[in-house]
Each structure stands twice: as C-alpha cells, then as structure tokens.
Ligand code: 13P
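Given next, in structure tokens, is a single chain: the form predicted on its own.
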Amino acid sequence: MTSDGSRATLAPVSIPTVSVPGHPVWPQLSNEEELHLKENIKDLLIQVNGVLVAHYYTDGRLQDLADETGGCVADSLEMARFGTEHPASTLVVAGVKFMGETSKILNNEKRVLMPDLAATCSLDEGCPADQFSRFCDQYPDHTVVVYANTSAEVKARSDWVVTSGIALPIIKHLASQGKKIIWGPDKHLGNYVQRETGAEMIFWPGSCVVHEEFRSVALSRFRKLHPEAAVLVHPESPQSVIEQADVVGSTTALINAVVSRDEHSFIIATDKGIFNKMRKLAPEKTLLEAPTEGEGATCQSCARCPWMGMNSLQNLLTTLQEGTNEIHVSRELAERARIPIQRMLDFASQMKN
C-alpha cells in the first residue's frame, strides 16, 4: 500500500540484463568537413523526397540540420506526428529504434530510415514482448498502459500508449473509471504517476539507464552550490530526485520551463542533449547538468544516452547514400499498434477542446 492508501505493486518478473554500449566516439570534424557533410545530406534529402526528424537527445548538429532543412526536432510522439503531416515520402529518424518504429506505425506507407538500427533503448530492451504479454495475461481485468519507449509488439499488446507529457491525465482518467492498471516499462515514471493520481497500478520493473544515474544526495549538495537555480527533472528519474524538483515534466515541458520561468539558472536532470534546444530558445539562461554518481565516480550513462550517441552526420550520410537501415513494421502489426496510440492522440485532442 502507498501512503495514500492506494495499491502499487512491482511486477514479480525478471527482466533481461540490458547491455549498455560505450559512448560512441566520432572523428572530430573541421568546420569545412561538417559543412560538406551537411550539404551532401541536404542534397540527398531532396533526391529521396525525405525529411529529417531528430530527437532532443541527439547530437546538436543533427538537431540543427533538421531545423535547417524544414524537418523537426521534438519528442518521440511529435516526431511521428510530424511525419504524418509532412508530404515527404521518406522519413529519416535520428533517435532510437522505437522512435523509428512509431513513425512507421503512424506512417506505414512511407519509407522510414535511421542512421543506425542498433540504436535502441534500455526501456525497450528490458521489456520483451513475449514476457510482457505473458505477464499481462495473468491480469485480464487490468487495463494495459505502456510508455512510448517500447517496441511495436508491446504497443500492439497494450490498451493505451502514453508519453511522459500525457501520462498523468490519462491515468487520472482511467482511475476515475475504476480501472486497475498494468504499467510498463519505466518503474520511476510509473511510481510518479501513481503517487500523483492514486491509481491502482502494477509496474513492470524497467528503468532508463540515463535517468537512473541521477542521485539525490549529489543533487542536494549541488543545489546548495546554486541556490538561485530552479531544478527541472524528468519523471523517469528516481523518486528521491523528483522530490527535489521545481518542475517535473517531459522533455518538451522542461524546455518550456527554461523559456517561461523567471529564474536565470536551471539545474536539469535529463539527457544533456536537450541543452541544444534550450540554448537556442533561451540563450540568456544558465544551464547546469544535474549530478549523477558524484565527483570522481564512473557510470554508464552520465546523463548522456549512448544509443542516442550512435546517430551522427557521418552515418546519416551513409544511410541516405545507400538506402540502408530501413525500419519495417508489418501492416497487420502497425494496425494493431496504432490503436492504442490513436487512443492517446484522440484523448490529447479532446483535452485541447
């Protein structure tokens, strides 16, 4: 039982060990080399009738190129939604594999390419569709809600797909209907949502290797060094970190907070790739990285997703030249996975009205 009397349970399952790669090290590019790469990519995008969509956590040069070419820099859902509305027949997704799959699910008639198909996600890898489906089968009276950071197969097994930006209102809505919920795969986001809504939930025990690294003791010390700074935290972070936040929210919400809040300094607990967009929108603000394990420690993520780091100008060019790294989702699977995604989109649309 939680402190407010509602029930929250961690799923009694063993998730696979996720092998976290080292951070990719790409050759340094001179200004001339970078410009040459970008010009070649721009030409190829025109040739293939393509548009580049990039996540906030990718390399800033990719984000800038997406903006320069009329593409999109956004969170995973907006990336896919942008692809639906854009007339391009080829979507080039700079991000991780589930983002490419989501784009393909919503745009099954379009070609979806990625710089590197090995760019995955610890949440996706830690929630195999067969295991998750068997777990859900044990609770047939529960509504299955999954985070967008999951495979097409897991989405197809769900009743609802949510992003961090809309998870709270959707779970609150389901709780008001007396629904019991299976939540997967991020346990920290699930716990946050449960605390805020009081819903009865069972959690799949996954986590993000980036946000898992933030530490409350280190953050507390850092806040004392920067008492003027507002603390912005993504809800995939541990509860003890979330409890110190001035703002808890999705990537888009954190960017908006930097722009709109009166503070001039911000301590930010999410992947530092987001700083690129923040600096463009609020160049006068001071952005500080929230600490992970503390000074002198080693860690696997250090607030930078190693899989996002697999995206580069170099392999983006190769993908466009060779037409490789195409995302495939069968039409039948896409149709099933689209149902819970569309349910979320319809809910979001109703919220605006």
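Quick note: we count residues from 1 along the sequence shown, nothing fancier. If you're wondering where the values come from, they're calculated on a predicted model, not measured in any experiment.
This protein has a second form, the form predicted together with the ligand, left out of what is shown; the following refers to that one.
Heavy atoms within 4.5 Å of the ligand in the predicted bound form are found in one stretch of 323 to 331, 35 to 43, 52 to 60, 310 to 318, which is 52 to 60. Of the residues given (Ser158, Ser151, Thr197, Ser250), Ser250 alone sits with a heavy atom within 4.5 Å of the ligand in the predicted bound form.
Mapping the unseen interface onto this chain, Ser76 counts among the residues with a heavy atom inside 4.5 Å of the ligand in the predicted bound form. Contact between Asn107 and the ligand in the predicted bound form is not found at the 4.5 Å heavy atom cutoff. Proximity of Trp183 to the ligand in the predicted bound form: non-hydrogen atoms within 4.5 Å are absent; the residue sits far from the partner. Interface membership of Phe132, defined by any non-hydrogen atom within 4.5 Å of the ligand in the predicted bound form, is ruled out. By the 4.5 Å heavy atom rule, the three marked residues Tyr147, Ser164 and His211 all count as contacting the ligand in the predicted bound form.
Within 4.5 angstroms of the ligand in the predicted bound form, the stretch 204 to 239 places a non-hydrogen atom from each of His211, His234, Glu236, taken in sequence order.
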